[in-house]
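Heads up, the chain below is alone and in the form predicted on its own; it's given as structure tokens.
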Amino acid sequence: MQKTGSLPLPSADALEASSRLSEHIGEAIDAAGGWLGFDRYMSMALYAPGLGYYSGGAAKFGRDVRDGSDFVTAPELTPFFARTVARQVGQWLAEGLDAVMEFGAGTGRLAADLLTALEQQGQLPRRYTIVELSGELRERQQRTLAERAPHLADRVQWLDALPAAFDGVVIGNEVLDAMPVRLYARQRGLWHERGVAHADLSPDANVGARFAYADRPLPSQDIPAVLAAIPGDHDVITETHAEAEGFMRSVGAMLGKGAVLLIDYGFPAAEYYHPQRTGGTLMCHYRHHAHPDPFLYPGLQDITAHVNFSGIALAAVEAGLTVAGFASQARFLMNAGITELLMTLDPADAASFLPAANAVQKLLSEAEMGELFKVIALTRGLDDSLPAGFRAGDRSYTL
């Protein structure tokens, strides 16, 4: 259990909201007979209407703890991220497409900056659709677009579900990592599914101590193939990604002619399920602190897991899409010309150039986001030539 003394304390109102969500989760545990799969717990903690992390009113995205946020994403760091992504999107739009769809649009910063960059390229799409379940985030996206690209805001429409059909470019930055995962633990050579139960409460227990992990033995016929393939009998904790893979199948069923560009942190399956990765990848983010306790302040913190890109690629191929490229974020951004764009600033103007260069360095550095984050492109009905962002350093063979 994470010691709360090392983290900023929530406000009284936030704690009250977290307590109400905990009661809601507790009722679900009782209704399920005392044990809830972790994927259901994660789904409720993140998306329970009005109370979950993404469906409530927390700041979430920002630069640091002073703005009340929990983590920073690439579009928030620098507009050069969106300007570079626009070069790849523009290559696809040039093949007769006129629409862009974004999932997980966050504050709307990527949408605003991407539209602005595409306009400057002379490739402004007729329509930009944001699929967003959170009413609070939708309002924030609308404010961002009104502030950063007011003359383009009328091109943007919002949906709360996938349309039946779509031709165009689909974008998702840090979307897959927030989709609920199932947890598994191998103990003494036997696999268990790791779920959630009520914790044994002490009189002074805090709101984050209401729940605890509870493992159930997994019948051999129910062991996922990716887990059965992990050699040895040493103890292992890991995740599977049925929801993210199902999402990819849905996107594949929706997409007619077009491309999908997904950017997230993760690994191919060989790395994800490497015998030496024994602790899994589940992580929580609260006020720019990373910690491993998903039961602390339910609804007030993000819960994520790294992405198994092999599973994503397989699901996409099963849905009829083609893997057009897979690379590190650093390689993708450099291929697409981020350093060229940066040099449009005057290096002699230190006040402008140095902060921009430092932000770009965070996107490219192996010690920051450059290697941990990956980019995968999936297409249907487009030119077979390698997309610009993958012309060097393509790692599709690792999937």
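In case it trips you up, residue 1 is the first one in the sequence shown, and so on. Note that the structure is a prediction, hence the values are computed from the model and not measured.
Only in words, not in the display: the form predicted in complex with a small molecule, which the text now covers.
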property	result
Proximity to the small molecule in the model of the complex (heavy atom, within 4.5 Å), stretch among 150-158, 318-326, 170-178, 291-299	170-178
Contact test in the model of the complex: residue 273 vs the small molecule, heavy atoms, 4.5 Å	no
Residue 193 within 4.5 Å of the small molecule in the model of the complex, heavy atoms	no
Contact of residue 131 with the small molecule in the model of the complex (heavy atom, 4.5 Å)	yes
Touches the small molecule in the model of the complex: residue 97 (any heavy atom, 4.5 Å)	no
47, 73 and 105 all contacting the small molecule in the model of the complex, non-hydrogen atom within 4.5 Å	yes
Residue among 254, 185, 137, 197 with a heavy atom within 4.5 Å of the small molecule in the model of the complex	137
Single option in 211, 267, 166, 247 placed near the small molecule in the model of the complex, where near means a heavy atom within 4.5 Å	247
